[in-house]
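Next up: a single chain in structure tokens, the form predicted on its own.
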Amino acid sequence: MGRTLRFYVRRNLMTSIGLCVLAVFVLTAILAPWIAPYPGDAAGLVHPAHQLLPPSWQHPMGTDELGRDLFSLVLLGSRVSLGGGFVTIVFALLIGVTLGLIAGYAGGWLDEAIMRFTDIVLGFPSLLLAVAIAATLGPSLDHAVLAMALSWWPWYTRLIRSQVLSLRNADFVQAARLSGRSPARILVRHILPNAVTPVVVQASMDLGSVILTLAGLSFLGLGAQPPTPEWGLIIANGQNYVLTNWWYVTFPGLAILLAVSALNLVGDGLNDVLNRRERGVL
């Protein structure tokens, strides 16, 4: 798998660019507290004398209406936005994969009940459902992450269930049953490793959309709250200054655009790699 991925990345320029940009964002998120020139600004420090300054050597992305350095806020916001998206996907996978494994392997009335509930959740647009849940729980980043996870899991349930249905009667599964293995052990040790590939691909492609949706919830006031440096919240704070202070919303908006684009490129490349690998092309 490692050799296949390296070979394909060298051949695919867009995937390579996506990986490089994504690596920069990940490193930025990890090192943000140490590389941000004004880390205290994310904790609520204000500088009235530096209000709405345009980009300069001292403030490469300008300042906001409180005099805070936007470059520092965007750097520190990468940790919040990327971390929130990753945690959302992990929670959605835990819920969706668990239910999909149970439904696909158990069959019968349990499968029917799980899938009908899944269809009900899928009947609501994911953004609208996330907004409703976040509004019910109250505005906070944690609640926004939970709301997104509760609206995103059905896709993984349907995907993993279809994989389990194609594998539950395979010879190696039958052999595990005859050897006396428990259903839980069969699912975890035998079926899941052979069914998880398309789920991983889908999750990698969904991460960009999740980050964008979390930014949207923060923009609506249902996600991160001040002084948390989250990209969507920064844009929401700067919406009244779009025409007069262009830098306020431009740079956090570019951060979202670059991060989501990089994740989509990497997801497309990973999908292509795994599809070629399954067909034996690479």
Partner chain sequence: MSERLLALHDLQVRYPIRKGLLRRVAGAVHAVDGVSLRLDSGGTLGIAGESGCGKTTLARAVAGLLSPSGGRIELFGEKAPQGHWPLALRRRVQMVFQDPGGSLDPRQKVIDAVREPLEAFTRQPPQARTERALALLAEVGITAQQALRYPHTLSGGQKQRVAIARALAAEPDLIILDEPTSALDVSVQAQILNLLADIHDRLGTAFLLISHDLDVIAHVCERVAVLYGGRVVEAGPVAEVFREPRHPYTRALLAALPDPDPDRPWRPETLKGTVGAPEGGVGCPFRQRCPLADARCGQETPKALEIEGSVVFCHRVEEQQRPA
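Residue numbers count along the first chain shown, from 1. All values derive from a computational prediction rather than experimental measurement.
One more form of this protein should be noted, the form predicted in complex with the partner chain, which is absent from this view; the next part is about it.
**Q** Can you tell me which of 69-77, 193-201, 95-103, 82-90 lies within 4.5 Å of the partner chain in the model of the complex, counting heavy atoms only?
**A** Stretch with heavy atoms near the partner: 193-201.
**Q** Check whether Leu110 has any heavy atom within 4.5 Å of a heavy atom of the partner chain in the model of the complex, and answer yes or no.
**A** Contact check for Leu110: no, nothing within 4.5 Å of the partner chain in the model of the complex.
**Q** Does the partner chain get within 4.5 angstroms of any non-hydrogen atom of Gln174 in the model of the complex?
**A** Answer yes; at least one heavy atom of Gln174 falls within 4.5 Å of the partner chain in the model of the complex.
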